[in-house]
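Here you get one chain, nothing else, as structure tokens; it is the form predicted alone.
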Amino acid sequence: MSKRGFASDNNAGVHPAILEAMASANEGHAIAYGDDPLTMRTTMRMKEIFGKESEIFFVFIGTAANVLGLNAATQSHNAIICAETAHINVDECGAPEKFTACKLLPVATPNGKLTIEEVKKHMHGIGFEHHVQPRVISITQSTELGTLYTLDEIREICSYAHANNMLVHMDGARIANAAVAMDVGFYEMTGGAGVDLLSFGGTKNGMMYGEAIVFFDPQMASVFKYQRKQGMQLASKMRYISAQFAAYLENDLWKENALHANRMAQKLNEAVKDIPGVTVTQKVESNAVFAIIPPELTPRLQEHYFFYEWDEDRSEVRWMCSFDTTEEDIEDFAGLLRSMST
């Protein structure tokens, strides 16, 4: 077994309740491609959360959720405005641009959050055929830097987008961590705040695999079943994705997992912030801690705990906490870092 660490919440295993749900779904035969009773029940449960008019589509991975969702909302002459640190800009190997044929317009931000003022810098050439036409503002909640958009900030972005004939996409790979940190419901910070399209993630919070694309305007999803098939994301044995979401939402397992991960990040922040040579660079609002540490310590620490450098030039690292991070993990890691720093 590989060593424990703080590299990514993707590195954590699967919550036992999720595995149990998948095993239960393994009994007998079921109609394929999402026509099974479990998928239908899970879809209805998600409609209870996101609104009866919403349309829900399960896919395998987060990149597919982002790319196929954005593809449904755009045409090839459109542009997508996002933070420079956005997953669609940095970590999806150009897939959004390849499959949507849209141009990404990244915005440099100090904290991973878009503002209207920065978005406006890309709002030119409207109606001019020589320029791409901005169509979607994509935000991430929580952001790639672990920060959070407030409800007012989300509403402001959505209002601006709609006033300018644009849509808002939310990458919700870590939306559970944001929801518990803000003590709000999923719908309140998405469709209820004006978001048009959501990539709803669970993999980083205890699921094995599987994401959901949530359309708040059913018209946008009118032909999406064909786009999902063309995008190679129509699971034949979809009941295994549905079973995970059913268990994830039952008894608020998502909340339990996200609360724990966030709490561990706060403990890690408290444990390292006063260590000589360590500077925490972002507000710790979800399950991530970003810090600058002496560069010579990084490889030494990585011999014991796996984590990533975020910005090598600044010697900035990222430490992610997960649903299975333990207090012992925090204490041992912080103790090791302290001993190396003194």
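These numbers were taken from a predicted model, which means no experiment stands behind them. Just count from 1 along the sequence shown to find any residue number.
Beyond the structure shown, there is the form predicted in complex with another copy of the chain, which is absent from this document and is the topic of what follows.
Candidate site formed by F50, V136 and H162: none of these residues places a non-hydrogen atom within 4.5 angstroms of another copy of the chain in the model of the complex. Partner contacts here mean any heavy atom within 4.5 Å of another copy of the chain in the model of the complex, and among 108-116, 90-98, 251-259, 183-191 they occur only in 90-98. By the criterion of a heavy atom within 4.5 Å, A30 is counted among the residues contacting another copy of the chain in the model of the complex.
Taking the partner from the other structure, another copy of the chain in the model of the complex has a heavy atom within 4.5 Å of a heavy atom of T63.
Taking non-hydrogen atoms only, L234 approaches another copy of the chain to within 4.5 angstroms in the model of the complex. Shown alone here, G206 lies within 4.5 Å of another copy of the chain in the model of the complex, counting heavy atoms only.
With contact defined as any non-hydrogen atom lying within 4.5 angstroms of another copy of the chain in the model of the complex, the contacting residues in 124-143 are G127, F128, E129, H130, H131, V132, Q133, given in sequence order.
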